[in-house]
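Heads up, the chain below is alone and in the form predicted alone; it's given as structure tokens.
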Amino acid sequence: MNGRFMLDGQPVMFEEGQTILQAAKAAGHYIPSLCWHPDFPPHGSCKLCIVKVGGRHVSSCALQAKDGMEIESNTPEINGERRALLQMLFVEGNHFCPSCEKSGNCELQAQAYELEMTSARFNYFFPVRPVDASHPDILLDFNRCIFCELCVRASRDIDGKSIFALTNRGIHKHLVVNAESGRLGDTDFSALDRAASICPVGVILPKRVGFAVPIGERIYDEKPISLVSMEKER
């Protein structure tokens, strides 16, 4: 059974089983997200896709669309909350964009531009998370993890290896490698694994190919993430 909801005053048709985010994207309406990926069930961890439905804040990637819904997304209030979420992600880890190999291809950075984030606002944590260069083909920079769990899900559900996991809670939460040594080089991880290419930020990086495409010519240098996301739907 199909239906229709209103998104920021615009009608959006949806198919039964679609979430608000899926229906909105299919109809050409952009809703920011970081942890959502079409290959996996909704996760709802980043909260960047929050919208307001009936006065309640909900994750649009996880809530199924229903006929007659009145939804607010692209409003000063909601975008302000999204900016605050991004600011917290930036200070929780060490995100120094000018020196990061992922700059210009990083979804976190691109979302900050999209939502006009001009400062970090909060104090930096500067966590101590050593880089893991033990693997012959892949470098891990744990300092940039945003806890989207895409690498965890890809390694478990697609690669069938369960290389990664998140441990602890709150400010002590961090990404780990499932090996007795905790080192990626002591696993059967491959640069061809789906988990090797799914990270939206600069945690999982291939060695010996850095800056092959110069910063300034990368995907989000040329187009905003909202436009890139909508082009993928076509």
Partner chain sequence: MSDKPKLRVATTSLAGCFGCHMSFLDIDEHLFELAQLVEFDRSPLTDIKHCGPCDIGLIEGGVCNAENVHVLREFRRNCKTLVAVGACAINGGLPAQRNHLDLGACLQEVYLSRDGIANPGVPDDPELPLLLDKVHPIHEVVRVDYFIPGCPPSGEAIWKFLSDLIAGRTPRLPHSMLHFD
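In this text the structure is predicted, and so the values were computed from the model without any measurement. Residue numbers count along the first chain shown, from 1.
Quick note: we don't show the form predicted in complex with its partner chain, though the next part is all about it.
*Asks:* Counting only non-hydrogen atoms, choose the one of 72 to 80, 87 to 95, 149 to 157, 132 to 140 that falls within 4.5 Å of its partner chain in the predicted complex.
*Replies:* Only one stretch qualifies here: 87 to 95.
*Asks:* Hey, with its partner chain in the predicted complex, do 12, 30 and 44 all fall inside the 4.5 Å heavy atom range?
*Replies:* Per the other structure, none of 12, 30 and 44 touch its partner chain.
*Asks:* Is residue 210 one of the residues lying within 4.5 Å of its partner chain in the predicted complex, judged by heavy atom distances?
*Replies:* Close contact is absent here: in the predicted complex, residue 210 is far from its partner chain, nothing within 4.5 Å, heavy atoms only.
*Asks:* Can you work out whether residue 17 and its partner chain are in contact in the predicted complex, taking contact to mean some heavy atom pair no more than 4.5 Å apart?
*Replies:* Contact with its partner chain, no.
*Asks:* Listed by sequence position, which residues of 198 to 228 have a non-hydrogen atom within 4.5 angstroms of its partner chain in the predicted complex?
*Replies:* Heavy-atom contacts within 4.5 Å come from 215, 220, 221, 222, 223, 224.
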